[in-house]
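A single chain comes next, written as structure tokens; it is the form predicted on its own.
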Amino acid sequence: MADRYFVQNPIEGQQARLAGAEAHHLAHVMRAKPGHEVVLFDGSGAEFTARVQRVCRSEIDLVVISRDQIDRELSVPLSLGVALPKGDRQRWLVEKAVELGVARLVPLETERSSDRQSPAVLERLRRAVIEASKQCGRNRLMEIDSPRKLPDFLAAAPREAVRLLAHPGAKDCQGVLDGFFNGKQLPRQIVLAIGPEGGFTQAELDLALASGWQSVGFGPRILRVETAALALVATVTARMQHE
């Protein structure tokens, strides 16, 4: 795949401009000169072949050669609510969620979760979304919402959606998915919830089940937050793509 760069502003017409970190990388790392061709995307779902026209210190002007509407998204929108782990594990989780096709990630505030995510942390994670999208070829950015309390997240999920909550000791995930797939029409939306280190409390689990969510498990071993999140996302998306 050709070098891909993210343009903050919607690309309209035949001109585009890179600024900030994207322009710095193209100009100073790739040492692009006028005539160099790249692929641009602006999060709208399209990607653009463009040619460098002018290289300045902090900006690069490009001429758009072609626009292609290339859809690399999942056939069903998938939202992931997760009590984010600490440190670099957050970024790793976000990167892999982008690669697997998650449309929206919501940091969850639970009874056992760590400190609330600061705006600066969320901004760094949104930057990680861009970098992961450049690498994997997605032309739409995974949204990272502001943190939400678990009861609010549970209540906001549409009742017609497939709503799954990971919990140790729950019924095997594959068995639960059999009830939603197996030749049936794909659901309109999928919403997943992953708890913090230590898992959801019994009160939180009871609330989810009373709200129509289903709990799913991955065998007898205890998984870390990021492992459980990506295992559930990968299992669901793989099943979705085989229906």
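All residue numbers are counted from 1 along the displayed sequence. The structure presented is a predicted model; accordingly, all values stated were derived computationally and were not measured.
One more form of this protein exists, namely the form predicted in complex with S-adenosyl-L-homocysteine; it is left out here, but the text below deals with it.
Between S-adenosyl-L-homocysteine and the residues 138, 91, 163, 167, the one pair within 4.5 Å by heavy atoms in the model of the complex involves 167.
Heavy atoms within 4.5 Å of S-adenosyl-L-homocysteine in the model of the complex belong, among the stretches 65-73, 32-40, 191-199, 48-56, to residues of 191-199.
Remark: residue 20 does not count among the residues lining S-adenosyl-L-homocysteine in the model of the complex, judged by a heavy atom distance of 4.5 Å or less.
By the criterion of a heavy atom within 4.5 Å, residue 225 is counted among the residues contacting S-adenosyl-L-homocysteine in the model of the complex. Though the partner is left out of this view, residue 216 does reach within 4.5 Å of S-adenosyl-L-homocysteine in the model of the complex, counting heavy atoms only.
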